[in-house]
Every structure is written in structure tokens, then in C-alpha cells.
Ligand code: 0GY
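Only one chain is given next, in C-alpha cells, and it is the form predicted on its own.
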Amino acid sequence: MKYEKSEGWLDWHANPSTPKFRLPEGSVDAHCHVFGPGSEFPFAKERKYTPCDASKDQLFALRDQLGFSRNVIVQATCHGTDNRAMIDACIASNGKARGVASVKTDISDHELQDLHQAGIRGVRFNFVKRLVDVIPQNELLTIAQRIAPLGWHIVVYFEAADLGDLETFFSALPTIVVVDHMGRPDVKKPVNGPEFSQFVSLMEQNPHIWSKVTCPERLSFKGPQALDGERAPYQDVAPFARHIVEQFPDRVLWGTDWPHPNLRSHMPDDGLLVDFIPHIAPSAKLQTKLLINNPMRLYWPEKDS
């Protein structure tokens, strides 16, 4: 089937640069996606956007170019709860990719086991109304209770203004909870201001809540500027991410978010995104936790020993 991309859709960067920051061996890109290809894996009828194609082969080529060893592929909302494209990529990776699925409450135990065998280790709950029709919290809690015995975790995506309505629910979930993109803070506000402090407090009070310090290209108002002639993009986001990395070093993850769905202002150079890492994890110890120890513990626990 041939699809027309959503108006204004920006395709992923065709020629990403080679990062100057050399990733430590064994690093994991812990947040990325695949789209279709639509001719093989149709997009969901209920989708809120139609993306470009972004295949597993293109993702794996980027992995190798940037210097990552593994990927965590998060189910894209354009595919709804049809996880086939993501599962196909996990299987084709020969153990180098794990996945985060979207599921319905009526999924069977047998289907959950099949997902586990394919490399799925988590389920994503999306609370961003412009992207999905939000599922009631009682139904999500049912899903969480069913996946907990598998050792899976929950990934949650929400916007900062909605945290007050969600923090009690997040605190009660019976699994590790990983928050996408630091809860999307408004980086024009201070790091120690009430909005971001609410998110920091949530992590302080709940040891089972982790954060991805990802997507500076979504959060930044300054964009990919250089600093003193050096590759130092998205510097208005760096203080927020660095605060989370330094305060919760054992509960943070990082990923490219390739192929960067729904970006309208600019398409980031994935090499520059990698060069953002030492600005938020300045020491080798923090980099190892962020890029290797934490994702391996969560997604490949059998190898993290």
C-alpha cells in the first residue's frame, strides 16, 4: 500500500555526521523506532500521523555508523498495537535489539509469551492526546499487573503539564517505570523551578521510576548551535538532562529517537546528538552507567552479570 506522508513531515537525516564523541564499547541506543516500510507493515487506521518509511536495515546501518552495539526499539504510535514491524526488527537483529510494545487489554498470555521470545521487554503507555486516544488508567493497570511476572517494565510518555494528574498512577505501578524524555520539561523555565522540581521529586520518592534523558531536539528552543566553535548542540536542554543523570545515575537511559517522528522545525543530525552525551554525562563513569550498565540491566539482564 502506498501512503501519503503527513503534511510538513520531515524525513530522517540522510547523511548524519560521524560523532566526535567516541561511544564506549557496548553502548546501547535505548530509544529508537522503525516505521514500516508501509508496503510490508501497514500503518494503523487510527494513527494520528503518517510517517516516512524507516526500515530496520536503515536503523542498523545508523547503529553501526554512530558506534552503538545494540538498540531498544520502541513501538511507534503510527503502528498502533500492531507490533509486527518492531518485532521483525528485533528478530532480524540477531540479539542486538530488544523491544517495547504497545498492547491491548485482551492480549492473551500466549501472545505475551510470544512477544517475550521475540525480545520484547516492556510496554509503552502513551498519555499524549495529540498522538493517541488515551486508554483508561484501570485498563493500563491491568496490563501492568499481567506483564510484571515477565520482568517487563512500563515506558510512559506524557507532557509536563499533565504530570500532576498522573503521578499517583505512576507511583502505584508494579513494575519499573521509564519516563520518556524527562517528562518533556519546558526548558525556558529554570531547572530548580516548580515544574521540573515536581518531576525530580517524583523520581526521588519512587525508586522504581527511571528517566530517558533523550530528545533535546524536541525540547530545545535554541536548536543545534555550536558553543565556542565546538559541537555542543541543544545547550538549553543540557542542564536538565545533566541534573537527572547526576542525581539518578543508576536510573537513566539515552537514545537517538531515530527517525525522529513528528519533528517540524528541523531534522537533527544523529552524529550531533551523540556529541550531546558528554555534556550531560561528563565523566566516563556516568557515561558507562547511562549507555551500558543501565540499559543492559533492564533489557539484557541475562548478559549483565
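This one's a predicted model, so the numbers in the text were calculated from it and none came from an experiment. Numbering starts at 1 and runs along the sequence shown.
Omitted here: the form predicted in complex with this ligand. The next part is about that form.
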Query raised in the report: Quick one: which of 93-101, 135-143, 161-169, 75-83 gets within 4.5 Å of this ligand in the predicted complex, going by heavy atoms?
Result: 75-83
Query raised in the report: Heavy atom within 4.5 Å of this ligand in the predicted complex: which of 131, 191, 118, 150?
Result: 131
Query raised in the report: Is residue 262 one of the residues lying within 4.5 Å of this ligand in the predicted complex, judged by heavy atom distances?
Result: yes
Query raised in the report: Closest heavy atom of residue 257 to this ligand in the predicted complex, within 4.5 Å or not?
Result: yes
Requested in this report: Please run the contact check for residue 157 against this ligand in the predicted complex: heavy atoms, 4.5 angstroms, yes or no?
Outcome: yes
Query raised in the report: Heavy atoms within 4.5 Å of this ligand in the predicted complex: does residue 208 have any?
Result: no
Requested in this report: State yes only if every one of 68, 279 and 289 has a non-hydrogen atom within 4.5 Å of this ligand in the predicted complex; otherwise state no.
Outcome: no
Report summary line: Of the residues spanning 173-195, the ones with some heavy atom within 4.5 Å of this ligand in the predicted complex are 181, 184
